[in-house]
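There is one chain below, alone, in structure tokens, taken in the form predicted on its own.
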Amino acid sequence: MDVLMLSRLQFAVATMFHFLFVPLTLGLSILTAIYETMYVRTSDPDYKRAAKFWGKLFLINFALGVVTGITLEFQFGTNWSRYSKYVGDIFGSLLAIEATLAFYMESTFIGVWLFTWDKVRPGMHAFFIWLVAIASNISALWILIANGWMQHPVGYVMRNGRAELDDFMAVVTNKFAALEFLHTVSGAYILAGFFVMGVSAYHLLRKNETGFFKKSFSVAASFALIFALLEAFTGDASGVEVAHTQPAKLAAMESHWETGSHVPMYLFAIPDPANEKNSVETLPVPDLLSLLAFHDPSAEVKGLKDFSAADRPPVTLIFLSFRIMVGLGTLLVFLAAFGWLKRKDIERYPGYLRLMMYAIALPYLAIETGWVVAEVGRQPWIVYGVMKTADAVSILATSQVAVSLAAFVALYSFLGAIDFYLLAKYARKGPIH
């Protein structure tokens, strides 16, 4: 456990913990805005109560997301100062735009929305929550543009021993970043949909506010299904982009060792990185990997042996994480589709409702494993093809990072416990009469 590994672990802890809050914030902001808009259009008081109820859970979650996001950004100066010096001209500008444009807008209008209930016209009040939702998603856009640049760096020149911004529009219109944004926010919307469906299922099983929670469930089921289907399309497009820009990551995702064309996909395989092969390969589907990677059954797909051992990501971790993500994503489509089809009389399916209570956890797991694929799969590069992670870490004592890592784990565990306690408490309590 040297400084590099400890710093990577600390950043992983901070990032994955932060992303327990971000997707629910992104999705609940949109759903809350939808519920309030439906109230404006229909004058149905249940939709006003829905906006207040789900909006309260959104606010609880937002507060923790802000705290963890700030400490995450601090690490670029503490643990990754050489990275900040080398590419800060590009990366720093994107984070600055996110903070000054999106975060301030979001924070301002959250307060305006919270304290102006029944003090302004309903349409204007609904406009406030839409501004919050839009700002939240703009914030995600700029952060993912920054991450997309790390995945596929464009629009820069090497000057004075560092990467400097040369073409801002090339960075902003980076195809990798655009697909990453669409894939990430779709996952966030699925998670929020399943959160609302799961909480609604809890109350429907107890016959508590049945009419209210059927309406909440119906909207959330439609929302989750739309974005579960979109997630599949963006996932496919993202895979093609990875095949072109990060072939080592693609090879690790499929544990593909030998470069070739007409490459099959094995439905069951067990990676054996030590011997540069798979110890088990069964149920091959001819040409499928070539087809999925390049939309061409005869396409050549690079194998891991084309890359030195030092330039390969951890194969087994990426291989398993990718399959967990895809498997859960497929399951979420079917669960959302069933809920949407049966939404008008969903209370007649208690088994499904019990399942949906526990299914709240599934999008979280899918999202976290997706980030493992994206970030660990990029290794050993912190900026793909430009800067290796080992060259980006700060010069620190091992003890310094070990202490801060332990403090992060302890503090985040405490904050996480508070957040989940408050979410569970107010979710069980139900809406205000």
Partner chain sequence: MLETIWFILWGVLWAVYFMLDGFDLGLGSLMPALAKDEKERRIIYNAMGPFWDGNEVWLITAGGATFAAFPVAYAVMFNGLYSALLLLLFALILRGVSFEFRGKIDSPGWRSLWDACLVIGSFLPALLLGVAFANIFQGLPIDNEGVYHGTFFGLLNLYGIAGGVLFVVMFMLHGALWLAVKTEGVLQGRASRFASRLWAALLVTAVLFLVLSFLATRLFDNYLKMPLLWIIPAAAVAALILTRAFMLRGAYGKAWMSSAATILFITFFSVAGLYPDLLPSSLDPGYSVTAFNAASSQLTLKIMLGVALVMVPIVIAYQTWVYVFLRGKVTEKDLAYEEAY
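Remember, predicted model here, so these are calculated numbers, not experimental data. Residue numbers count along the first chain shown, from 1.
There is another form of this protein, the form predicted in complex with the partner chain, and it is not shown here; the text below is about that form.
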_Full three-residue contact with the partner chain in the predicted bound form, heavy atom 4.5 Å, for T37, Y349 and A361_ = no
*Which residue among L320, L114, L205, L331 has a heavy atom within 4.5 angstroms of the partner chain in the predicted bound form?*
L114
*Among F181, W340, F128, F227, which has at least one heavy atom within 4.5 Å of the partner chain in the predicted bound form?*
F128
*asked:* Considering non-hydrogen atoms and a 4.5 Å limit, does the partner chain approach V401 in the predicted bound form?
replied: yes
_Contact of A96 with the partner chain in the predicted bound form (heavy atom, 4.5 Å)_ = yes
*So in the predicted bound form, does any heavy atom of Q379 sit within 4.5 Å of the partner chain?*
no
*Check whether L365 has any heavy atom within 4.5 Å of a heavy atom of the partner chain in the predicted bound form, and answer yes or no.*
no
*asked:* Using a 4.5 Å heavy atom cut-off, which of 70 to 78, 331 to 339, 231 to 239, 259 to 267 contacts the partner chain in the predicted bound form?
replied: 70 to 78
*asked:* Using a 4.5 Å cut-off on any heavy atom, which residues of 395 to 412 would contact the partner chain in the predicted bound form?
replied: I395, L396, Q400, V401, S404, A407, F408, L411, Y412
